[in-house]
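Only one chain is shown below, in structure tokens, and it's the form predicted alone.
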């Protein structure tokens, strides 16, 4: 037995005494991957023990064991990430938050929800919807994602253009430090300038600074009814150039999504549902909300006029709840439709007014290189998803072409004043690319912050930095 196995064996004995055998998993296969296109994992990464704590105190004790033995710890939520942020990179302990799935309170007086980190987005939405007049608007995508994961990834999603990202809703956190100490940051308060904002430093930290165990989220009054507009165009240029004009009209849609027609077809294939319009090469999906039907009609008419000015082939309006849900599901599952063919889903973020230029230049470069790239994403906030496909190429060919395309896309993003990721995060797969859009000094400050929180470097090592 080598040194690593010996230390891990000691850890397993102590963890079993703490949690009981039923909350330990020694066959970690289902915990080695998330939704990131599967990388080749070193065999050593399989030498992990999975633990399932049920309380914050148990998480604290796990971290004390890990700190004492200097063992790496990886925290796993719903496994829906796309940057490898939750997967183990070396032997150690995987903490699965699945048992910490209790909604503590829906506070309709303060408009707050209090829940444990393992609560899924679907659980939260179901609980909030039971309280008349309240809503939790962020919808980052897969509803099996856990709230703790959404917090540490600062998840966005289609509705961010109007309602913002997770950071806009987190007002309180209970966290466990790598030493096992428990802290409570923020609370049921809206304003707080008491020292440095540690709470929002944790939001988006991708599990590298601490473990989130409980979250307090701000709720808002329930918005009115919605219409979903599907608007096909002949060209991506026309579709994307219509977006700033829609926003300048004074209308702030719930979502403005851009999709290549081939991306739509991938979503149709996996859902078995039909997109409302099969023509055109590029489509916008615009969701508007309003207090009544008159407001919805007025907003839809303005968007239709602007879209036709930019060459829209048609404007179709989904009114019924089922119809709108089907449209959103096709958009949400584009990645799943071509998952096996996918090398990576890039998610560059650029100033919204530059999306058209970014997509046009990337499409031309993809054609020049000879790699298939589908474009879709959040046109209203500048977050463009690029699904790079293998398309029948052998491994050496697609790796070479993929690297060339990625380098080009990141260089264009930097030139336009953007960054390499808007919502998927750095995780494991983009850490070598961070320097392409941020300065060396920023990296130095991030490393210093990491050392303060985690001096032994045991929490989610090999990620972000």
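This one's a predicted model, so the numbers in the text were calculated from it and none came from an experiment. Numbering follows the first chain given and starts at 1.
Keep in mind the form predicted together with a small molecule is missing from the figure; the text below concerns it.
Checked against the small molecule in the model of the complex, the residues 71, 117, 254, 242 give one hit for a heavy atom within 4.5 Å, which is 117. Checked against the small molecule in the model of the complex, the candidates 152, 379, 288, 259 yield a single residue with a heavy atom inside 4.5 Å, and that residue is 152. By the criterion of a heavy atom within 4.5 Å, residue 76 is counted among the residues contacting the small molecule in the model of the complex. Using a 4.5 angstroms limit between non-hydrogen atoms, residue 58 is distant from the small molecule in the model of the complex. Although the partner is absent here, residue 430 sits far enough away that none of its heavy atoms falls within 4.5 Å of the small molecule in the model of the complex. For residue 406, no non-hydrogen atom is located within 4.5 Å of the small molecule in the model of the complex, even though that partner is not displayed.
Of the candidate stretches 156-164, 291-299, 308-316, 353-361, only 156-164 contains residues with a heavy atom within 4.5 Å of the small molecule in the model of the complex.
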